[in-house]
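The chain below stands alone, shown as structure tokens; this is the form predicted on its own.
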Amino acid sequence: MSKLYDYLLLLGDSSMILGHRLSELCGHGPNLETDIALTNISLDLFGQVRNYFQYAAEMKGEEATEDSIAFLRLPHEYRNVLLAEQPNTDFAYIIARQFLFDAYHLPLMEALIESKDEQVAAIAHKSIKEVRYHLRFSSEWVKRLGDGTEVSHQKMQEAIDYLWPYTKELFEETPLEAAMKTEGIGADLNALKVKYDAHVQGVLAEATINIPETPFAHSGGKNGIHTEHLGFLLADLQYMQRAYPNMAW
């Protein structure tokens, strides 16, 4: 299979896994407006995933579909970053996870608009308006909670402290990403990190949240090495396809 096919999986998997995490929250938001917003973000991410996987299915052939690519792989075949698969806990944790991903996702889409692959560029162009909204939504909530009550500040600080070691993987360049960058198809992660750092530092400063100084970093997701959480997530995500093979609506 081509490097581009693998790159499409890498791009789509993080959005799909995070989209599923957000779908678990439907009906559980702190208020109606926020509940609907989180559900809509989930739907946005799944829409992006469909575009990636439809393109990947065309490349793979052999009766592959967006559904077979999404649902019929084994855990080690998924290439999502570890941040995306972390489970839902309290609301501050959910917002922190979304914010840290969104701050990476927007500059990624901005870079992919310039991709030499026309389809990748078109997907990024179609997605970028949604991703801008995602980042604005999560950034405002980080500020609101961080600079809110004593309890909300404490919970947001704890969430950032816990999730921070997962963010370094976002910018660890795999051989696949290096090859795609060289071919002008993929993004330059070092360039993305400059924009990411500027936005994250600015928002956390407004939120009165301290940036963790730990040198420790989790990694492995982009190479198929995941936390225990992904297996449980996939058990839910893949259930219908596994229980009823070749089911058609």
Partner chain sequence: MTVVVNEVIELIREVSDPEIPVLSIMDLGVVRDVEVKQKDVLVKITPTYSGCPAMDMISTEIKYKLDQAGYNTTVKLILAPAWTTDWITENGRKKLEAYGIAAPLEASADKMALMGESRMVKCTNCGSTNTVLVSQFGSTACKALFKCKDCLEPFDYFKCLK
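Everything quoted here is computed from the prediction, not taken from an experiment. Residue numbers count along the first chain shown, from 1.
Here the subject shifts to the form predicted in complex with its partner chain, a form of this protein not shown in this document.
Undergrad: With its partner chain left out of view, which of H76, K116, K129, K168 would have a heavy atom within 4.5 Å of it in the predicted complex?
TA: After the contact test, the surviving option is K129.
Undergrad: Answer with one of F71, Y133, W164, F91: the residue that has a non-hydrogen atom within 4.5 Å of its partner chain in the predicted complex.
TA: Of the candidates F71, Y133, W164, F91, Y133 is the one lying within 4.5 Å of its partner chain in the predicted complex.
Undergrad: Would I123 show up as a contact with its partner chain in the predicted complex if we use heavy atoms at 4.5 Å?
TA: Although its partner chain is absent here, I123 would touch it in the predicted complex, with heavy atoms inside 4.5 Å.
Undergrad: Please tell me whether any heavy atom belonging to R50 falls inside 4.5 Å of a heavy atom of its partner chain, as the geometry stands in the predicted complex.
TA: The answer is yes: R50 has a heavy atom within 4.5 Å of its partner chain.
Undergrad: Can you tell me if E33 lies within 4.5 angstroms of its partner chain in the predicted complex, counting non-hydrogen atoms only?
TA: Judged by the heavy-atom cut-off of 4.5 Å, E33 is in contact with its partner chain in the predicted complex.
Undergrad: In the predicted complex, does A37 come within 4.5 Å of its partner chain, counting heavy atoms only?
TA: Yes, A37 is a contact residue.
Undergrad: Among 22-30, 202-210, 177-185, 41-49, which stretch sits within 4.5 Å of its partner chain in the predicted complex, heavy atoms only?
TA: One stretch meets the cut-off, namely 41-49.
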